[in-house]
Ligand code: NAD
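Only one chain is given next, in structure tokens, and it is the form predicted alone.
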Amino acid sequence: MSSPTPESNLLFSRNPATGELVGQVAITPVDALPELVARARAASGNWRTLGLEGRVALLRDVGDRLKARAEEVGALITREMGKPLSEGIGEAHDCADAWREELDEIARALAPDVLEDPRSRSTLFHDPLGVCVAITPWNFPLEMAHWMVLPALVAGNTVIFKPSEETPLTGQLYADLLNEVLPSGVLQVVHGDEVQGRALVASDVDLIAFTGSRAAGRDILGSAGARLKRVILELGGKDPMLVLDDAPIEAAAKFAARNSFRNCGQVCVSTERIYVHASIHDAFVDALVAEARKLRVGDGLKGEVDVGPMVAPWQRDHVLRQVSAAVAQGAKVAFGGEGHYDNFVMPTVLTEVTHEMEIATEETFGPVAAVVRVRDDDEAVEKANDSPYGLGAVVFGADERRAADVGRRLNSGMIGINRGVGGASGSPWVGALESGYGFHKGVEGHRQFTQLRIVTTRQPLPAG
């Protein structure tokens, strides 16, 4: 609910639950960006020379500083974007608690590799690219910044960081913690909206890391392509959930309610469309409605709530427009659909949804679960794959081997079987189709912030 004010050159951050002012930051003038990029370029030499071990050592204690301020940071997240306080504090703790382990994982990923054969010895170096732009979203304003900024820095890049205009204070706080130990010019913050974002993408930088909408990702790729700049894009999702005829109904419904309505549905891997076998459709809908009834909606700072507000009026209006259009086209409201107020949208369950409706095909990013009745596994897979999105997907079924076989037929980067899509420790976060261009986390994700460079020397031939 932040708003640029060109007259004062300030960006005001407001609590989406109350409209109250949280704070303000100065908007970065577009004509100042070339100087910031030049400063980052000038700082890159010494930052690279420090070496991988030196950079890791310098950054190691920042996680402890974040942990000491986790409740403060969590409250700021809630005040800026609305998620329940426990989830805001949890986001801060998740980053802080895994900080050192994350650094060690990045260091292992970027250490040189050696390949040898009888004639040659090749060393594979993972070198910095130069100046990285990190443009981060508002739904996980600390964690998504952390996913981009930390590996970029450890790799030896200098970083220009633009947090979302909806959550500028959280982004600034994260950068301030890092800048307590970083040399001048290594990490700089730019505040503003898409005007600053487009100017950064067009500037003299080497890598753009972005998480946000598919439309914005297309614009970035088009702009970056003119000079063949490197890009890492995590884009939108329209995640399907397939509920097979042998699925445990209660467990599937509990998962669906949690994953459709968590963070008010403002999660890239929210369950947005649910394909349920006809033989258990009605029982599943009843169970899902029962779970949705348990959810408490309200201000994340006031008592125990499960669902906070939408981040801003524009996001609220988008969600309500999709719901109204679906109902006008024949969808039925099994739960919710009314009682919305201010930026609060009540958790809503729709049935009789078809793929002629926008809510079945375009990202909603709100607390709506759209349920579709299907005849069999083949129809469920066909409909789940009828989408340009391919971030995550979930399959529920009692026979886990069968469910996994169904999951392997889905056009998604990450598939969870009777659970969410997050993988084992060290797994990357991967989107397919138009949901991802490059990816984050894990060995492969960390290496995307680097240039692979191979140095080969001669090996003596074996005797005889």
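The shown structure was predicted, so the numbers you read here are calculated from the model rather than taken from an experiment. From 1 onward, residues are counted along the sequence shown.
Separately, the form predicted together with the named molecule exists; it is not shown, and the next lines address it.
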item	value
Segment that reaches the named molecule in the predicted complex - one of 116-124, 292-300, 103-111, 160-168, heavy atoms within 4.5 Å	160-168
Contact of Arg198 with the named molecule in the predicted complex (heavy atom, 4.5 Å)	yes
Contact flag, Asp219 vs the named molecule in the predicted complex, heavy atom cut 4.5 Å	yes
Touches the named molecule in the predicted complex: Trp314 (any heavy atom, 4.5 Å)	yes
Interface membership of Thr211, the named molecule in the predicted complex, 4.5 Å heavy atom rule	yes
Candidate from Pro347, Gly156, Pro137, Pro84 lying within 4.5 Å of the named molecule in the predicted complex - any heavy atom	Pro137
Heavy atom within 4.5 Å of the named molecule in the predicted complex - the one residue of Gly236, Gly336, Pro128, Gly74 that qualifies	Gly236
Sequence-ordered list of residues in 346-365 near the named molecule in the predicted complex, where near means a heavy atom within 4.5 Å	Glu363, Phe365
